[in-house]
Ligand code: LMR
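Here's a solo chain for you in structure tokens, the form predicted on its own.
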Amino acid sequence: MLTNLRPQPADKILALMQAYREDPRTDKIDLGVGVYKNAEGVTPVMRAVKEAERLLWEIETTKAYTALAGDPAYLDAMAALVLGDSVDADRLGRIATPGGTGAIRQGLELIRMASPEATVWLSAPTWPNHPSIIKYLKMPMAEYRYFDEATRDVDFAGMMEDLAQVRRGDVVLLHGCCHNPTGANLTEDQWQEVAALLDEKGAIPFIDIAYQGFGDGLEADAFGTRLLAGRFPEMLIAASCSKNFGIYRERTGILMAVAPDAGLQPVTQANLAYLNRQNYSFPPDHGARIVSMILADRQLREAWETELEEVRTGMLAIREALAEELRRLTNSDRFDFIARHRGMFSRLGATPEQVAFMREKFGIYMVGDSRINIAGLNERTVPILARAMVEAGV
């Protein structure tokens, strides 16, 4: 059996991480991996998470399973955080998942089970795991234009032109905020136009919201997701707690399915639970328990929101500093898009050759498409990256 296996293509980001580790230079800069890091290059445990874990250690009396769909308190807390009051709770099916990736996978499995002929539309570009999972599941897939390489902003005209080709029942996957890999986001007016078009076409939105709180704030970042949830009869939402709670290794996510009415919620929920059973059975609970404790306790929630805001504004300050340094070096505003982008990522528009030049001469590691992790920069390294970009001719 195993002799029939063939080598799989290497994950580009994992390969980049390996190359970075093997580089002996002490002044090298890692802008590749998509993990938040503070100015010291550390992914810290948030203060509220530490306190919740301490409390959990004191009060937890069992490690028995919770429920096939996950702990109800977690499901309720996350639905409120992401959706607010945009949709009636009795229309929601929900399952806890191993991270946002698990939520995406379960959502795609649900689509394949319910509507195998549906095409899943992805932004070009998108997070590489989106098309990877869809191809593995052998599902129909198409792309819509999203990023304008010249302006480094959303190609909204191209996006709308492509989405006009969507058929009734197709699924359109949208980034809820802080688009990965580009950092370019839809405006509120653009969200309204996208919603109107998809509604007219009879499409089903599938939101991937992995960075709520990293862009313009918890409420603002949920605008598009809540707008669609309040408008569409059916919708899927995959959310992750890895970034905004900093619990990457706890693999804490949720998939929510909006049913057309309360009468269809039970069968929707039953099918979601069925998928959990077939895949990993009971979902992990430690991270979910931490999240639900933080969101339910006033003091813990205030501490978490304060630290999350520090993270968000810190990344905005880095963006401003990099854009300003590039203005100074080039006497041009062509890099101001960096300050306009939101979240952890921006795509610089560098060629693979320019990316390689910056890695070889300056020890700066970024993904080959020139996506950088803004959180990998600090006060010392911002001028180094700016100089490298200028010398590379970006």
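Predicted, not measured: the structure shown is a model, and the values here were computed from it. In case it trips you up, residue 1 is the first one in the sequence shown, and so on.
The same protein has a further form, the form predicted in complex with ligand LMR, not shown here; the description that follows concerns it.
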Report whether the minimum heavy atom distance between R152 and ligand LMR in the predicted complex is within 4.5 Å. no
If you check in the predicted complex, is G34 within 4.5 Å of ligand LMR, heavy atoms only? yes
Please tell me whether any heavy atom belonging to K243 falls inside 4.5 Å of a heavy atom of ligand LMR, as the geometry stands in the predicted complex. yes
Can you tell me if Y146 lies within 4.5 angstroms of ligand LMR in the predicted complex, counting non-hydrogen atoms only? no
In the predicted complex, which of the stretches 42 to 50, 327 to 335, 26 to 34, 351 to 359 has residues with heavy atoms within 4.5 Å of ligand LMR? 26 to 34
None of N276, T119, N180, S292 but one has a heavy atom within 4.5 Å of ligand LMR in the predicted complex; the exception is N180
Considering Y74, Y211, F206, W304, which brings a non-hydrogen atom within 4.5 Å of ligand LMR in the predicted complex? Y211
Taking only heavy atoms into account, state which residues of 345 to 368 are within 4.5 Å of ligand LMR in the predicted complex, ordered by sequence. F345
